[in-house]
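Consider the single chain below, provided in structure tokens and representing the form predicted on its own.
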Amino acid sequence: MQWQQVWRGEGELMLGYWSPITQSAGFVSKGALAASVILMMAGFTLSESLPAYKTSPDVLHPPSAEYWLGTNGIGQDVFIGLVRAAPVTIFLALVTATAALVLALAASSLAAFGGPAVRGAVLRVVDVLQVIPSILLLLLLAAWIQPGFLGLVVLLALTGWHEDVRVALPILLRELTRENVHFARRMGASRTYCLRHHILPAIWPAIVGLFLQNVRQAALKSAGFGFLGLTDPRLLTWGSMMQDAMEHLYTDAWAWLLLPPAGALSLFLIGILIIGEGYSQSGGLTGKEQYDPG
């Protein structure tokens, strides 16, 4: 199944490692995704209640009772920065993944319902975008405009949606030609009815798989831009916090400047993998929960 291959392609070994955990915990993706959104909103609330992420005379202070994770080169508390950057980093990844998926589904629907000519035009656009080295284009644009939150979302979504079309379009075309859809149409069912009761339930597992994959890619790319110092300096993310360690890689300070944000980003990515594995184990990626064409 194509959506299973999408999800399992890059992290198969890691998914297998976490599989017993997700199975024993009865992990269900719907609840996990809802919990992620709740945690993100709680992070926004918690970050507002923390002291300001401001400079102080305590420059490069190691971890202590006063500064749990130390301070950076201008005296900012790393722990406060880590908490304040958490909701921004997660929200950025979720919004970017949603925007890219919406663009991909819109293009796939246009290609599926628009006939051979429109489909050919859409696929040629996708071909062109796949040939262009998007990461180089992203680096050039990011270095030029130093995007903030909205700029990053637009850049990452516009340069990432085409990869999903190659997966979503064949699935959509296959479902449109199924017997149950043709039978429903012959019995007088509207296109809206077929979309809600036959097509969407069938392609939903693929949509979830693509979304989770997009979240991981968006989190990694945005962190990379922040680490390279290509984003707006006012945008506090885990990636931009890692960039603070660049000037101190040959001192002991690299440990408390680099490891906390890198560890937080790794935990977030592992959490996304666990959610995907839980969804797969619960039957989500095989469509057993929502749809059984037999």
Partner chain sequence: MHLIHQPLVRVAAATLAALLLTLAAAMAGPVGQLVITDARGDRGMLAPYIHGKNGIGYLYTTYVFDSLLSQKKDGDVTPALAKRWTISRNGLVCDIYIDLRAHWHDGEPVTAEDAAFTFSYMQEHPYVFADVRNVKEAKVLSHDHLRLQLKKPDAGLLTGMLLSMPVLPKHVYADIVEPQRFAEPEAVIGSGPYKLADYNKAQGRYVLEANADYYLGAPKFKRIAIVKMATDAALRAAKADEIDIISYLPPERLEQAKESGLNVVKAFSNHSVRLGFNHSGRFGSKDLRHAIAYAINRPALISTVYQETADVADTGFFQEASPWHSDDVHPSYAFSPRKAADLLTAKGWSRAEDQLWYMDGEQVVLRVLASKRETKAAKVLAEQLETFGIKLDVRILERAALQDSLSEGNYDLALYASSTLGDPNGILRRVFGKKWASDGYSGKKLRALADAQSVATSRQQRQDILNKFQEVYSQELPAYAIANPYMVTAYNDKLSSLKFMPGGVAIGVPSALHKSYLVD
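Numbering follows the first chain given and starts at 1. Being a predicted model, the structure only gives us computed values, none of them experimental.
The same protein has a further form, the form predicted in complex with the partner chain, not shown here; the description that follows concerns it.
- By the criterion of a heavy atom within 4.5 Å, Leu230 is counted among the residues contacting the partner chain in the predicted bound form.
- The partner chain in the predicted bound form is approached by Val59, whose closest heavy atom lies within 4.5 angstroms of it.
- With a 4.5 Å cutoff on heavy atoms, Tyr67 does not count as touching the partner chain in the predicted bound form; it lies far away.
- In the predicted bound form, the partner chain sits within 4.5 Å of a heavy atom of Gly73.
- The three marked residues, Ser109, Glu175 and Arg191, fail to reach the partner chain in the predicted bound form, with no heavy atom of any inside 4.5 Å.
- Inter-residue distance, Thr231 to Leu257 (Cα): increased by at least 3 Å in the predicted bound form versus the depicted form.
- A change of 3 Å or more separates the two forms for Leu249 and Thr231: their C-alpha atoms lie farther apart in the predicted bound form.
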